[in-house]
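Below: one protein chain in two forms, given as structure tokens, structure 1 then structure 2.
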Structure 1
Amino acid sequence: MKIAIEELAGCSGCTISLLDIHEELLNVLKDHEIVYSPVIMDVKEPPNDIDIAFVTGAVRNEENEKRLKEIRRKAKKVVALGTCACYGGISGLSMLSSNEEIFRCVYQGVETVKEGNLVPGKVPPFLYRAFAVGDLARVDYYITGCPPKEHYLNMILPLLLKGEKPGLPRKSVCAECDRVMGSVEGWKMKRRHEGTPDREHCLLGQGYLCLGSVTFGRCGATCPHNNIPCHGCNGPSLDILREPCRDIHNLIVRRIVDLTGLPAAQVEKEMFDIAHTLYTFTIGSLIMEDKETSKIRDLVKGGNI
């Protein structure tokens, strides 16, 4: 079986996560061949007749779109690998600013650039927005994660390469967390730098904006286990994906209401910078934007869409 790994607008962390399966990769290569991967081999263009292609990163510029359509045409199956490919990821946050503002900041606005530095003209033009891979091409499988954890890739890859459908847990990060939940009094939203969370009790109940209840699991609740609130890098939980009326914002508000007994309106007032705290990894997804209760359209109204 011929395997390809395509890189779009991302950090290459998802490709590295494939390498992190270590010796299992040797078992994969006994029967299969990686024929294209810009990060790990010097092949400039994907060949024809690819059996399965893993696409990482979002689609942010014209080159990304061109390469995505080419790999879709040449591959029998396409897998969106990682949260950027599945939901637009961090690249989607660029929609909060205009293209001109972004390029001016990067090439002229930071302290490390020389005075009088010009914005280069010979770069692939930005699309009018960021896209998840599945918004522009047919995808056969989605593997979320930023990046996907190696122990799940160890389970998933052999089955995918055999043409079998992996059977995996579909629970939220909360289901993997060992913290104690209970009713809360005197609740107030805290920024992450405020105080040190109690290791035993639910971070959301302590006032920290932990997205474990609205985030797809399979990460082992690594951040909450290390006293860090979940920031949603695995993408939305299945109940959000399945129900048009459920969105990250309204569901996290409901979770806090259930914990604290506070009115929803009061909880919403406590929210801050929801583009970077609630939609950090999903703002570039048309699936999430098109939800009836989504706040994404309001967030990017003054930006580039």
Structure 2
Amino acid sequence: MKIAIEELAGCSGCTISLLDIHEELLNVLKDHEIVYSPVIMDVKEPPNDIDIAFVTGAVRNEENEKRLKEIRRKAKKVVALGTCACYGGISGLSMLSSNEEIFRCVYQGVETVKEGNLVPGKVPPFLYRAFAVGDLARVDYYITGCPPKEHYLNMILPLLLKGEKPGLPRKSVCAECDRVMGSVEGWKMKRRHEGTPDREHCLLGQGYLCLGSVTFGRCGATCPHNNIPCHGCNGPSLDILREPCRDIHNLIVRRIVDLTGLPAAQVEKEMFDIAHTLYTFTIGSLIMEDKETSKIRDLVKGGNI
């Protein structure tokens, strides 16, 4: 198969994640060929006969959109690789401010620039909002993860390149976590940096905003395993994706209510900075914004200050 890897608005981490299958990559390249990938090779334009294109990053400007449309036209199969391609990822957070506010901040507001510093003008145009790849083009497969993990790519890449559909787990991060619930008496929301969480018990049960229950798995629950609450970087869990009335915010609130018996209104009041703690990786996704219960519209309207 002829493979292409295209980069849109992102960090190149997903391309590196493909290199992170290490020596397995040599096996993949015995039967298949990478024909286009600007980070690792010099071919400047995607060729016409691509069998499978991995598209990484979000769509934030006209160049991203043009490249996406072009690769869709030239590739038989398109895979949205990584959370940015699937849900807009971290670049979506830019929707919390208007373009003017961002320019003022970056070019004129930080301490190391002079007042009235120039804002560049001879630079390419920007779309009015961030998009996930699937918002603007037909996608054949979605592979979530920021970035997708090595063991998981090793499991699916050989099959995908053979044209087969791999059978995959569809559970949340909690299903891969080894913690037990423990007592939730006197539950109080903590900031994620406060104190030292105990290693045995559920982080949400201890008061830390752990998104494991509302986040798609396949990462091995590596953050909870290392005593860090889940930040949701794999994107929303399958029940949220399937059900229009379910959203990250209302589902995590409901989970805490079920866990603690506290009134929902009180839990909602204890939530803080939901843009950066709940919607960090999904704020740029139309699918997530369009949900009736989504808070994304309010966040974009109100800004993050």
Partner chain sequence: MKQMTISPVTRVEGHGEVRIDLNDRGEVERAHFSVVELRGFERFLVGAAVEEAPRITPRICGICPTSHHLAAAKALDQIFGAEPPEAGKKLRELMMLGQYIHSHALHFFMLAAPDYLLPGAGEGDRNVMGLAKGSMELVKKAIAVRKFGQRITEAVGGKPIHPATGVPGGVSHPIQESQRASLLQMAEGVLAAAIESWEIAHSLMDKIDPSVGLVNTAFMGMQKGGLFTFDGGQVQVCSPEGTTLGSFSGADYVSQMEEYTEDWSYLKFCRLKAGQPYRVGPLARLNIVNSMGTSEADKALAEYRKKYGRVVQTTLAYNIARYVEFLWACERAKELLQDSALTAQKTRTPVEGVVNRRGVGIIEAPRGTLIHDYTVNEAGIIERCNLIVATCQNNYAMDRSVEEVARRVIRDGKPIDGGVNLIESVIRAYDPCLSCATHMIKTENGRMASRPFIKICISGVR
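Note that the rigid core is defined as the largest set of C-alphas that superpose within 1.5 Å between two forms. Numbers follow structure 1, counted from its first residue as 1. Keep in mind that what you see is a predicted model, and the values were worked out from it rather than measured.
Of the two forms shown, the one predicted on its own is structure 1, not structure 2.
With the core held fixed between the two structures, Arg104 has its Cα displaced by at least 2 Å.
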